[in-house]
Structures are given as C-alpha cells and as structure tokens.
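Below: one protein chain in two forms, given as structure tokens, structure 1 then structure 2.
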Structure 1
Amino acid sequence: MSDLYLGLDASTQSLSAIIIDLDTRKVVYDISLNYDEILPHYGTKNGVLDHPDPQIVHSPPLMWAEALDVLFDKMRTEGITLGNIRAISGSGQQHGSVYLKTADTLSNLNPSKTLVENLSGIFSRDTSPIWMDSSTRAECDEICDVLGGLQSTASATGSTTFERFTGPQIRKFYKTQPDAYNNTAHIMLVSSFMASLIAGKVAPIDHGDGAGMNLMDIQTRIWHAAARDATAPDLSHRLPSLAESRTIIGNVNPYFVDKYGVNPNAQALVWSGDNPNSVIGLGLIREGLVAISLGTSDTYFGTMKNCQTDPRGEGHVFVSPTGDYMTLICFKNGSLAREAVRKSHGLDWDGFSQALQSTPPGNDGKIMLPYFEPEIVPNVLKPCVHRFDLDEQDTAGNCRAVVEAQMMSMRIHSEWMGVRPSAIYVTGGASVNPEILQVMADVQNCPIYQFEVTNSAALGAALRAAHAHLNTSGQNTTWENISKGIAEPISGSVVNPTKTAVYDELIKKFAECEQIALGK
C-alpha cells in the first residue's frame, strides 16, 4: 500500500481533511465537516459565537478539539487506512488565540475518553478571539506607539498593528482579565493548538502564522522583544518557540494511534496558517504568481523574495512555507457578504449566478460598499452597507454590486505591491462559481485559473507533510517535485477577461464612493 499524507484545516466554518497518495499524485480523501451542522450544541453560526457587539467575535476552542474526534472517527469508520499515514500537518484560520492553564494533559490523553473529556478544565479562557474580531483598536494604538508608529511597526513585525492580530488581542485579555491572564501558562494560535493535540505536546508556532501576531521579528524570525514587552508583561514564558514550517515535532500523539488506528510512526509536523498553506496548495512557489482565496474572508496573496512592507499599512508580509516571504491583503466581507446579499433576496447560488449573468459588466454604474461586518481593508469598525445609484430592492443589481465591489476593492488595495498580475489562481468555497470568476477576470483584466481541490489550505498542509517526511527520510525532494501534477490548475480551466474597459472607468467612481463612505 502507498504512503499517505494527511492535511487538516481548522478554518472558520469547518474542519477539513485531505489525504494524498504522492505516488499516484492523487487526492484519495477530501472531506469538510461544518461546525454548525456537526456540533450544534456549541450554538455557533458560521463557526462563531453570537455577541451583541459586532466587533467581538469568538469561537469555542473545545469545538475545534471535538471536531477532531468526529473527523478521525469518520475516517476510521469509512475504512481509510490510517495505518498508512506517514506524516500529518495542518492549517488553521490565522491570528485566533487559545489560552491554557496547563498543557500537561496533552501527552497523557486517555483514549477511552473523548478529547472534550480529556481537555476539560485546561483552558484559562473558554472562548478564543478569532480573526474576525475587531475590538482592539485601543491596544493596536498602544503597541504601535511604543514601536514608533505605523511604518516602523510594519518593518519590525511585517504588518502594522491590526485589531485581529494576536498581540493586540493578548494585550486586551491582559488589560481586561488580568487574573485569567496570570492563570495562563500557554498562549497558542489555532494552528499550534491543533498541532499540540496531534503531537501530544506544546507545538511551536511556524514562521508563517507567527508573522500574523505583531510579535515576531519579520527579518530574524525570532520573537521581537520590544513588541513582546509592549504587549503584556511576562509574555515570553507563555509563548512557545518559533520554528520553520518544515519542523517535525515528533510522532503522532498515542491517543490517535490507540483510538483510531493511526500509524504510530506517523510524524506530526508544525501547522501553519491557512494562507501560507494555500501558497503550497496552489503551487505558488515562484515569485510573480498571485492567488485569490474566496473563503469566509477573501484574501489576495503571492510570494515575494525580499521583504517589502506596505507603506499605507493595509497589507501584510508573512513567511511562506518555502522560507520566502509572502504578501497578503485580507478582506473580511468575503463569502459572508455574498451570502448576506443572496439570502436577503431569497436566492440559492444558482439564482445568484443567474443574477450576475443577467446584469451588464459595470452594473450601469450601480455601486455597493458591502461592509456587512466591520471591514479590515479599508478599515471600517462600524458595519454599514452603502449603496450609490442602487435600490436596495434591485435583486440582480445588488448581486452584481457586491461582487464587483469586492473585486474593485482588491484591485485598488493591492496597488502597493507594484505588480498587476498576469494570471490569478483561485481557491476557496466560492471559487467553484464561474460567474463570480468572470467578474474577477474582467475587473483584474487577467485570466483566472481554477483548481480541482477548492481547499488549497488542507492540500498545502498534506503536501508540506509529504515534503518534510521525504526530506527527513533521506529522499531529498524539492517543492517543484512535490507540487507537480497535484498543486496545478485544471488544464483548460481558464476564465478569460471579456469586458474590461468599463471597469477602468467604474473603478474611479468606486474609489470616490469609498472615500465618501469612509467619511473622507
């Protein structure tokens, strides 16, 4: 039987798994379990807990752990040969943080109990602030001031301070719940928390996800002492070590061996963020390629050899699993904004696509600024949907307006990268929708390529597991070899631009509307 590699993805709305057989270059298993559906007792909506303040967005970390049990149980009962798994890695929604009183139990989990039973009482904070949280403006300003302002914070940590980044979130926790902070022995990211469960010990944070914390020195890739001190006292012993994303933590936690029959020699790798993993899952291993992920958030990213930060402070520099840098811009009003429009007009996705087909590119000048949730880029803390020359009841006009707004915003706010893409690779749940991709192609004026696997983060994690396993077992291999025939666009899948000129004009109006909406 072939060697198998498992990639997991703990995203905002679901836990997914992809298993690859590298000999045949095939994905042999691909599943996604939606938290709201499989674990309704946590009461989440789209994976997050309801809160009266739209700026506060948390999820329960126990839910992510319980989903792991559900997933492994499903794989075992579906007859997946977990005994052939050689290495496991994973991907987590970025920035979210998990707070533990102790990690002693991790190496000693009782397989006759569930993960929930095993982990009961270990959290010093029952809920985790996630990337959608925007409640830390004050803490962002405090840290940024100590580090010398926007540009020096960005050149120190890869980004200026952002509300969702882990450092400002930790500072808010320390300021508002000092006793619980003092009671915290370990602060983890979603990725390193899940890796710690899989490895049975406190996992390092990889450089890719570490760069999303405002705590890592982006040049030297070690904790940035001044940023750490500006965040909270006595933070150094609460943070784990930082490591390259190819680091093997050890063998898989015996819990998964005894309970589900996972190969006892399977290597547990560090995890990374969903966006760095997607770089590998999309084969973005050369500079100049750009990808757009249409997941819960929409992200625009690409690899970069030298570290160049955004002077306007909207974009980020992270570290790619290849060791190069990657640039990223994150738009919070992605799939959930498209869904809000779709649902308010009583449509399914087919109806939404028909609405896009029935309206002309440029939407006769109708414009929406879809800030259904507080927005990251541009920074909008109070959610508000603005419409210009657009009637709220105009079903087709609103469907086209939300997608055009998202694509024009990506074009405007990625200009600092200094390269207009010649091809865009697309991933995430909405990348199956050809009408949305047509708008993307027209606004960006470049061809869009689709992939067979829409979860590039889980695929990237599986490929990282294979890369690390082969390179530590004497079968040296390159990223080019790993991605060949599997992390490549579907041949012939291209969506070419057709009507582009209209957007060169409309984008000027859109930019003006954006300024008005931002009160500038």
Structure 2
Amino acid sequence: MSDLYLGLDASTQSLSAIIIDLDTRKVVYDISLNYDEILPHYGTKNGVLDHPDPQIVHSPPLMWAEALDVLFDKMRTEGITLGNIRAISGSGQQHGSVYLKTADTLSNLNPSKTLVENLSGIFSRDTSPIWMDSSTRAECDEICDVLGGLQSTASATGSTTFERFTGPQIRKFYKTQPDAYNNTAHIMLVSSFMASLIAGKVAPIDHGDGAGMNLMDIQTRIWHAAARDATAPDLSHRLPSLAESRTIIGNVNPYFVDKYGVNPNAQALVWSGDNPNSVIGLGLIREGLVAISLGTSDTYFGTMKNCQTDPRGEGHVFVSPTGDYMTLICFKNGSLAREAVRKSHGLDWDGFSQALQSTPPGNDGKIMLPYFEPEIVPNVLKPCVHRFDLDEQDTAGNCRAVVEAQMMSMRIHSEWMGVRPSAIYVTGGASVNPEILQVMADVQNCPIYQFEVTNSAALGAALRAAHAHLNTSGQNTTWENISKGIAEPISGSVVNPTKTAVYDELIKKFAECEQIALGK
C-alpha cells in the first residue's frame, strides 16, 4: 500500500484537498468544495457575509469547520483509502482570525455529532475578519506610530501595518468589543484554527503565517513584545506559541479516526498561510527562484536566504516553509491594465499579441505608467495613466508600453530583496501569451518557465506533510527530492532572454518617469 499525504486549503471561497502519492509522484486526489454551494445556510456570497459597510468583510468560522466534515465524508464515500494517509497539513487564507472562549472541546470531540454540534458555544466572536477587511486604518496608524513609523514597523515585523493584517484586527476588536475580548482565551488564525481541529489541541502558528500579523519579529521569529503591547492588553496569553512549518503537533484527532477511518497514526502538522504554502506548491525552494502570477492583479513571489525588508513598506516578507524568507509584492494593475489598453484600441488578444510583435523591444523609449485603478505598488491613491513620449492613439506603442511598464515595475520594486531572479515560473491567464513572456524574460534577464497551477496552496501543504513525515521518521530527504516531478514547471516551456541591454537603459528612464508621476 502506498503512503499518502493530505494537503488541505481553507481559502476564501472553498475548502480544497490534494492527496499525493510520493512513490508514483502523482496527485491521486484533487477536489475543491465551494462554501456557497455546499453550505448555503450560512448565507455567504463568495465565501463572505454581507455587511452594510463594504469595508467590513467577515466569514463564519463554523462554516470552515462544517466544510471539513463535508470533505472527509466525501473522501470516505468516494473510496479514498484514508487509512493510508501518513501525515496531514494545510493552508489557510492569510490574516483571518478566530476567537475562542475555550479550547477544551477540541480534545473531546464526539464522533457521533458533527463538528458544528461539537463546537457550539466555543466562540467569543461568531464571525472572523478576513484578509478582504479594510476597516482598521485607525488601528494600523496607532500600531505603526508606537513602533516608530512605516520603515521601522516593516523592519520589525516584515511588513508595515496593513488593514487586513491580524494585529490591527485584534486591536479593533479590543477597542470596539472589550467585553468579548476579555472573554477570549485563544486567538487563532484560520490556519491554526483548522490545524487545531485536525490535531485535537491548540495548534501553534507557524512562522510563515505569523509573519502576516504585524506581531512577529521577522528576524528572531518570536512574538514582538512592543508590537504585541501596542495591539491589545494581556495579548501574550491569548496567542499560541510560534513554531517552524515542519512542526508535528501530534497524531490526528480521534474524531477523524472514528468517524471517517483516518489512519490513527497519521501525523498532524502545523498549517501555514496560503502564500507560504504556494511557495512550496510552485517549487520555489531555493534563493533566486521567483513566481509571477499574471492575474487580475499581478503578484511577485520571491525566495531569499537572508531577511531583507522593503524600506518603502510596499512589499511583504514572510517565512518560507523551507526556513528561508519569501517576499510577496502585489501590483493591482495587472490584467486590469492590459485589458483596458486592449479594449480602448478595439483589439482582441490576437491583435494585442500582433501589436507586441510589430514593435521593437524598448518601444523606442515610449513609456506608460498604467494606473488605471489605484495602485498598491507603488502607492497611487487615485487612478491616472501617465504617458511619456507616447501618443494615446498609438495602438501598438500603447500595447507594448503597458507590458513593458508592468515588467519594469516588478524589477524596480523587487530590488530591495537584494536577489536577482535566476528563473521565473509564470502562472495565470496571460502566461499563455509568448509575446508577454518574452518581454518578461528580456526585462528580468532570466529564463521564464510556464507553470501549470491547480490548488498550489493545497499541493504545497501536501508536500510539507510528506517532507516533515519522512524527516521525522528517519528517512532524511530534501525539498528538491520532495518537489521532483510534482512541483515543477511545464517541460520544454522555457522562454530565454534575447534583448536585455535595451531594458538596462530604458529602466533608468522608467524610474525617473515614475518619480515624476508620484510627485517626487
């Protein structure tokens, strides 16, 4: 019988599971259950509750727990040999928080009842603020001021304070609901809450997800005393311990053994956030490997050995499950900007590609700053498209300018890492466009590989489970061995740089144009 490893992902809209068989290097089970569809009685839309204030975005933690029951029941009824699972880990949407009155129930779950029935009355707060919540600007400013400002906060915790981060959310809870805060014994993340259910005890928060709270010292990987005290009083005994991503909490909760037939000796690992898990699921296991997701927003994931933080506070630094550091930089004007240019010139995507083909690398010095929507990196509050030596009616010039701008912005705004990419794995809708990939390769001066991604966070969790189980059982293995044949780019998909010198010059002009546009 093959040894199987289960990775779960409690994302915003769904609970996913991937089971891998390392002997065959195959994913043997892959499923995603949409909360709105399987649990309509919670009244969520896209996994979140409606609220009259659009800045407040919460989800019910009971929904995530009930989805676990639905998932394990489905795996059992579909004939998955849960008795062969050797280890379980998982991923949770980063920054969401869960508030419990007590954790005593976790070790005494009754398998004749559902998780919802078992957890009745356990919460001091019925709903969980998640990463989409933007209602804590005042609390962000308060914490940031105590820690000495933007640069000091980023240097201490890995990121400056952001509305979605957990520390400011905890502070708002303490300020607005002091009685409920005082009635809270345990504050968990989505990841550690779900891990606590699987393990039957309060799970630690791993370093990767802890780094997304504005509460962990990014260098020492312990709770940052000043940040903790600036957040809320008596917080230290409400937070669980911090732990490495490979930490095994214990054997799986007997609830899942008795109810669903899970292997009683299966190891329950700490969970991590979706971004750290995706680093593993995308194979970013050594310094210099980068993944770029070309989606509605464009996202840049990078791996680095030494901790560097962004003095401008634009990028985030988390801890990778490998023990290294990872960065996440989000550019809001991704496909939003590419589509705006395409539509404004009446092109389909083939026409857009032809426009790129018809223009020279460097675009004869024509520059666009494509802030069609407020931008995150760099921080631009109001939409405004800037053109330098570029006519708005120049169809081909505008098509090339928007793509070159996006790639040069990524290069400029990742320089604080101190690590140039040696290879880039690219995902997302635009990753099928060879002309866009060629611009990326030339600007970044490194090979680009297409990466086919399905549930990268769940896959990363399954690989983490395998890595921890094998190493704790004496079968020492490396991340390279774990990832081989599973978390690798599409064979033969490489796009090599051909025209790099022109961008080494153009990027200087682009940086100057950006400073002008930002009023600097």
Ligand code: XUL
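We call the rigid core whatever largest set of C-alpha positions still superposes within 1.5 Å between the two forms. Keep in mind that this is a model prediction, so the values were computed, not measured. Please note that residue numbering is based on structure 1, beginning with 1 at the start of its sequence.
Each of the two structures shows the same chain on its own, and it is structure 2 that derives from the form predicted alone.
With the core held fixed, the Cα of residue 23 is displaced between structure 1 and structure 2 by less than 2 Å. Once the rigid core is used as the reference frame, the Cα position of residue 494 differs between structure 1 and structure 2 by 2 Å or more. Core-superposed comparison between structure 1 and structure 2: CA of residue 439 displaced by 2 Å or more. In this core superposition, residue 329 moves its Cα by 2.3 Å between structure 1 and structure 2.
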